[in-house]
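Below, in structure tokens: the form predicted on its own, a single chain.
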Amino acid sequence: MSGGIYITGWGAVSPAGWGAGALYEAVKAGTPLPYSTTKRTEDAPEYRTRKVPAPSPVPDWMKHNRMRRTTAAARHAVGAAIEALGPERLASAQQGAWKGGVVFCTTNGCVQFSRRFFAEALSNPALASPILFPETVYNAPASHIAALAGSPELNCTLVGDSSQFLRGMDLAAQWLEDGEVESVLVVAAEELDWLTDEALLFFDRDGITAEGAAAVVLEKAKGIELLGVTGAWTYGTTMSLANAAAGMRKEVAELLTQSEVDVLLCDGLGAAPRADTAEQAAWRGWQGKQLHLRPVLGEAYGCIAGWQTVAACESIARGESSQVAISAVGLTEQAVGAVLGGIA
């Protein structure tokens, strides 16, 4: 990144409610939100979830023809995206005056419709509902967002672990630097389903899954400065998870322009024990304040780094922080960090 990239809007949908403000207030309070306990069958494991509350009143965009048969992930994604765009930019987009691209990030995608469709196909292929199929693909939410915003510009879906949102912001910055678009909407979304809720138990027996979405708008206009995104510290056979997290922390330190005593660390702690051990070791000795999201909201897979970014923006916009470091150590793939500066 060469600099001069700013976040000019952000939005969130979470178990705390619809809106970035609700998310930030819940995280600041630090009290874990209520959860539900469910057991799919008598022989299945018991799992815990935090669901997004129903919006009140129901927004008009939910009555749009495209949104009537969408999955929860798509509705969450659109809700966060509309908040991030704001009414003026959304109106401009719908009049065809917004030259903006869309980057959608997810881990599980539209798992509800995917699971239902393939269950029907397995039971009787002749009766598998064609209505479900369009929502089984990963880029369905990105398609809905572009349609509602009237954007024919670049549109990309990135599938990765819980750190992928930060790499999505890096891709958006590249598009802006290359002059491909004037603005980029980066969105992440997830939804609850027993398939992913039970899968979390393989990583963390005490885990609580959550759903929702996060969105930011990146532009070369004034806003909250994106000082940089680290490289993707991919771990596997040639690099340990601990070394990936340590490498990410070192690169984040190089992006800071203030003493870490004055910087808020928005960390990803509260994930599975294996990832937590590596992230805790990487940030041992950190002297600034820390903000923890997962213990309050739960495990939202590809959405969590987006929530961290939105919380960082709220903290800076409210004048409570002048610089924020974001740490995302993914459950299965990579460690990525980012640093946001003050408002310019």
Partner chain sequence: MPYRAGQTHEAGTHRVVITGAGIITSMGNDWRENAAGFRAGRLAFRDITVFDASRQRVQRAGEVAFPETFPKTRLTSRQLKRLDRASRLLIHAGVEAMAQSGWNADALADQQIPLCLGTSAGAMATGEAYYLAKTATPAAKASLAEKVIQYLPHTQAQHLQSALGLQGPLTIIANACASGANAIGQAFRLVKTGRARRALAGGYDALAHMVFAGFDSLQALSTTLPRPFDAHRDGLALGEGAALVTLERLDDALARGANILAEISGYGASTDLHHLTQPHPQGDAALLSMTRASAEAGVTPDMIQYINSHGTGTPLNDAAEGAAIQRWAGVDVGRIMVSSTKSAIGHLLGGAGAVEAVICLLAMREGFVPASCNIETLDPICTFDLVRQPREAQLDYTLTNSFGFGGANATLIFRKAA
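Owing to the predicted nature of the structure, the values given are computational and were not obtained by experimental measurement. Numbering follows the first chain given and starts at 1.
One more form of this protein, predicted together with its partner chain, exists but is not displayed; see below.
Is Pro152 close enough to touch its partner chain in the model of the complex, meaning at least one heavy atom pair within 4.5 Å?
Result yes; Pro152 sits at the interface with its partner chain in the model of the complex.
Quick one: is Gly207 in contact with its partner chain in the model of the complex, heavy atoms, 4.5 Å cut-off?
So Gly207 does not count as contacting its partner chain.
With heavy atoms only and a cut-off of 4.5 Å, decide whether Ser114 touches its partner chain in the model of the complex.
Ser114: contacts its partner chain in the model of the complex.
Does Ala199 reach its partner chain in the model of the complex, with heavy atoms at most 4.5 Å apart?
Heavy-atom contact with its partner chain at 4.5 Å: present for Ala199.
To verify the annotation, which of these, Ala128, Leu269, Leu265, Ala246, has a non-hydrogen atom within 4.5 Å of its partner chain in the model of the complex?
Looking at the other structure, the residue within range turns out to be Ala128.
Identify which of Ala72, Leu227, Ile82, Ala242 has a heavy atom within 4.5 Å of its partner chain in the model of the complex; exactly one of them does.
Exactly one residue meets the criterion: Leu227.
Quick one: find which of 184-192, 84-92, 135-143, 209-217 has residues within 4.5 Å of its partner chain in the model of the complex by heavy atom distance.
So the stretch in question is 135-143.
For the stretch 18-45, return the residues whose heavy atoms include at least one within 4.5 Å of its partner chain in the model of the complex, in the order they occur.
Stretch hits, in order: Arg40, Thr41, Asp43, Ala44, Pro45.
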